[in-house]
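The chain below stands alone and is given as structure tokens, in the form predicted alone.
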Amino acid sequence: MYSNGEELIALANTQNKKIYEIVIDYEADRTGKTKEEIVGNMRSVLNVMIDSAEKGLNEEVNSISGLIGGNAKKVQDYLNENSNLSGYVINKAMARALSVSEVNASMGRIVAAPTAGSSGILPSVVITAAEVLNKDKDDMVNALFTASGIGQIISKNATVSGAEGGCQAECGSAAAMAAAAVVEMAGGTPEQALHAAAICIQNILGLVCDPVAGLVEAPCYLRNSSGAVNALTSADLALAGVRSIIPFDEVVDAMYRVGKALPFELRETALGGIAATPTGIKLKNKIFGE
């Protein structure tokens, strides 16, 4: 039904539908399932996202390696107890993004959307935006379908793999999915949703994938919090009427080309970037006893 952003917008405009409606139609056609079954499955996905986004706010969740943990609660406590610079929405989204990342690193249950390493961005943005906009679970489920439509297009025309395209492909794609999702949830048009997604990817273009000790923990989890902020601010820009100068499809293509141009050391091999710093190497040796 659609293979790129331009076709997705054309379908939405021709049929006078939101992106999420087009995506649900596509899934029903592709899988043979009823729309009720498809929506029900997405509601289950949302419930897992909510659980993982809230768990770390109330208790310290530590990774198996001991490399990360407890930072979601620190941000939540900071938000509760102190005046802060970024305000409630940004701090709450960052805390939730960290929570999901910590649950992931502790081998807890998360939704890899689009990957485990970037799993904090989409739920933190959708849940926090829904809270601010006074939206219910049905609205959040619809937002996840919008996000999945963006993810489908990126996967088809580029990549969401850090090993193939750098962290821009993971956290950038997740932020783009989240930005489009909340634009539509806030009442934005399909065009505005894709402008937000394009702005998100541009903001993170060239970001390397350099997990310390090869574990999807550091600096990945902090990039989840900054990815959530990227998504929220890009959504606000698009809703304000700011347009991406470069169309979404061309930005996705640029991301893929940049990812392919990155040296292999900067694509999840743990041989470059933060992973190759003296401290990064020391942590790797400590974790694996080398």
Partner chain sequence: MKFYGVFDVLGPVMIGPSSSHTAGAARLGKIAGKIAGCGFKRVDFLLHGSFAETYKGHGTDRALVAGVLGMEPYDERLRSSLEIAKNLNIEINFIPTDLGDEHPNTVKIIFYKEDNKKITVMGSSIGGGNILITEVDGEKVEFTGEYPTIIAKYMDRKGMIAEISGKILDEGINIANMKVTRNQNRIVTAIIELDVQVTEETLEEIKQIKDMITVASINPI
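This one's a predicted model, so the numbers in the text were calculated from it and none came from an experiment. Residue numbers count along the first chain shown, from 1.
One more form of this protein, predicted together with the partner chain, exists but is not displayed; see below.
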- Query: Which one, N203, S148, N71, N91, lies within 4.5 Å of the partner chain in the predicted bound form by heavy atoms?
  - Reply: S148
- Query: Which of A186, V208, I127, L215 has a heavy atom within 4.5 Å of the partner chain in the predicted bound form?
  - Reply: L215
- Query: Non-hydrogen atoms within 4.5 angstroms of the partner chain in the predicted bound form: do I110, P114 and Q152 all have one?
  - Reply: yes
- Given that the partner is absent here, state which listed stretch (195-203, 130-138, 71-79, 99-107) has heavy atoms within 4.5 Å of the partner chain in the predicted bound form. 99-107
- Query: Hey, in the predicted bound form, is E164 touching the partner chain, heavy atoms inside 4.5 Å?
  - Reply: yes
- Determine whether any heavy atom of N41 comes within 4.5 Å of a heavy atom of the partner chain in the predicted bound form, and answer yes or no. yes
- Indicate whether the partner chain has at least one heavy atom within 4.5 Å of a heavy atom of A254 in the predicted bound form. no
- Does the 4.5 Å heavy atom contact test between I19 and the partner chain in the predicted bound form come out positive? no
- Query: Taking the partner chain in the predicted bound form, which residues of 61-100 have any heavy atom within 4.5 Å of it?
  - Reply: I64
